[in-house]
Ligand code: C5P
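A single chain, nothing else alongside it, follows as structure tokens in the form predicted on its own.
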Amino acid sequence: MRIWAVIPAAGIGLRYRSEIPKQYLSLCGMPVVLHSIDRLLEIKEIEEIFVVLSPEDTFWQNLDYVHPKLKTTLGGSERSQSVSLALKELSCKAHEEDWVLVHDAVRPCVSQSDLQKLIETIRNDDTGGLLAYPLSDTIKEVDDTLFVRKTISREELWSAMTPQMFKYGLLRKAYEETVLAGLSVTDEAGAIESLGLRPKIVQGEKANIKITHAEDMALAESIIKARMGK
């Protein structure tokens, strides 16, 4: 089983409102993105990790972080563009039946147990799947003026996370066809769904948070320190 990993890290984090892209902010003494990379480097099945950077990135070169499995490539302004470009970069290495595991640069708290659970669950699946967790809050649909239209049943709703893991050939085809169709997708599962396929959900820990707002950093720090026994 061969797995190639892609970490889209070309975002500028507009919602975080920081002069430094959030993937480079310090978390427990090291940049957020390095936490995400280190989690994937612990998975022996991964051949290489491609970190996808913005062409305007001026931060990565200052990290002085080197590993034989770690590569960089340039991405685009949207996540889907970055992943698609990384898949093209992989074309000379990956086989159609190899797996590609895509993980957000700003999900530094993914656990090893979740990573292994995803790989073991998906490795014999024909399509692939993703980590997610069931929603527990009451969900409201609102209009443009923030008045509630209706309450939505949460029983069949799950919050998608990463990593997301799909066959290389299938994922590349999915992204190529979404571009041709002019579709906008926000994750790999969405691209796969556009082919009429059904990704498998693997329940993950809610602690696998995505750093989107400033308050998420404090939560991520508490999660990491708890795992370190501090």
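Sequential numbering from 1, following the sequence displayed. These numbers come from a predicted model, not from an experiment.
Separately, the form predicted in complex with cytidine-5'-monophosphate exists; it is not shown, and the next lines address it.
In the predicted complex, no heavy atom of residue 98 sits within 4.5 Å of cytidine-5'-monophosphate. Although the partner is absent from this view, residue 77 contacts cytidine-5'-monophosphate in the predicted complex, with a non-hydrogen atom inside 4.5 angstroms. Though the partner is left out of this view, residue 131 does not reach within 4.5 Å of cytidine-5'-monophosphate in the predicted complex, counting heavy atoms only. Contact check for residue 105: a heavy atom falls within 4.5 Å of cytidine-5'-monophosphate in the predicted complex. Residues placing heavy atoms within 4.5 Å of cytidine-5'-monophosphate in the predicted complex fall in a single listed stretch, namely 22 to 30, out of 22 to 30, 200 to 208, 65 to 73, 176 to 184.
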